Ligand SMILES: NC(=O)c1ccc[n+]([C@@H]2O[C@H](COP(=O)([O-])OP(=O)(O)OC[C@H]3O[C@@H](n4cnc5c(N)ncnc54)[C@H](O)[C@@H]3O)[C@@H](O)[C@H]2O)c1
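So this first bit is one chain, no partners, the form predicted alone, shown in structure tokens.
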Amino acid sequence: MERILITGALGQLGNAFVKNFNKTNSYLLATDIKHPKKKINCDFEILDVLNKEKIDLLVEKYKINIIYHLAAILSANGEINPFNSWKLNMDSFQNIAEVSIKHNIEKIFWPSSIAVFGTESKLSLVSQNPSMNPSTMYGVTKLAGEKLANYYFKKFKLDIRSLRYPGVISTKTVPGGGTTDYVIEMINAAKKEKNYNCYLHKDTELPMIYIDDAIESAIKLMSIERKKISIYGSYNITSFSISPKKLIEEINKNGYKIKVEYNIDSRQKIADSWPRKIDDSKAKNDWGWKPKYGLDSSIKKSLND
């Protein structure tokens, strides 16, 4: 039986993973640094992921054999205090790895990000293994984590599986400080018939994925035999690319009206170092990745949620 621990369970991805696993026969322990505001229908424990002893205790107490390590400081928030971003993102990764090796954890899912790329990555269409020069501390920590995942597999056979997520569209949780948060914020503003101040240029195109596809892709990757995985770091995945201008058009197509003004801030510099499109053919060939939601269906579903 799968006995799953999720860190960062109250965040955007964590909330969706909890709902997914609550529909299965798996045992689920959700953890976060704060208490949930709503009932989440599974066991819950307060956990600071920098506390290795508490992670160790929970893994042993609940007989955990699979970990989804989602806790992290995201791109824009990470630039406010890069030293704290490094500490949380990397020390927690190391804690999870060390406890997992000690307790023979079967599999770990750890999300990477398109933040690992940079201006040397041929941003018009980024391949699986381009040159990487991340522009944010978040991207630096994700690239370091990918390298560590590769190292720990080769040295300890620790099975860490990972996806380089593009922007994730979900209106079920409050945006968590990422560079692509404008998509969620603009959709929510349209639903409330409010104006919106966009912090990116109207033509800034970035890759995105709908939350259901983000979760399904991870579940699929975690379910396949290890021998079918040829990437020891993290797989590229994507669904579609969108810009603020294109998002407004999609919102209008669905019968909503929104007035948008542009107040460009520091997040534009981050976005300029990220891909316009992503080549995810390796994931498609290795384990059959295919998104269910495209541009039209993702925006329509988000507006009607």
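All figures in this text were calculated on a predicted structure; none of them were measured in a lab. Each residue number is its position in the shown sequence, starting from 1.
Omitted here: the form predicted together with this ligand. The next part is about that form.
Between 144 to 152, 161 to 169, 127 to 135, 185 to 193, the stretch whose residues reach within 4.5 angstroms of this ligand in the predicted complex through a non-hydrogen atom is 161 to 169. Residue contact with this ligand in the predicted complex: L88 places a heavy atom within 4.5 Å of it. In the predicted complex, at least one heavy atom of D32 sits within 4.5 Å of this ligand. Within 4.5 Å of some heavy atom of this ligand in the predicted complex lies at least one heavy atom of D48. Residue contact check for I96: none of its heavy atoms lie within 4.5 Å of this ligand in the predicted complex. Taken together, A72, G176 and T180 are fully in contact with this ligand in the predicted complex: each brings a heavy atom within 4.5 Å. Listed residues S112, T204, S121, S217 were compared with this ligand in the predicted complex; S112 is the one with a heavy atom within 4.5 Å.
Residues from 187 to 211 do not approach this ligand in the predicted complex: none has a non-hydrogen atom within 4.5 Å of it.
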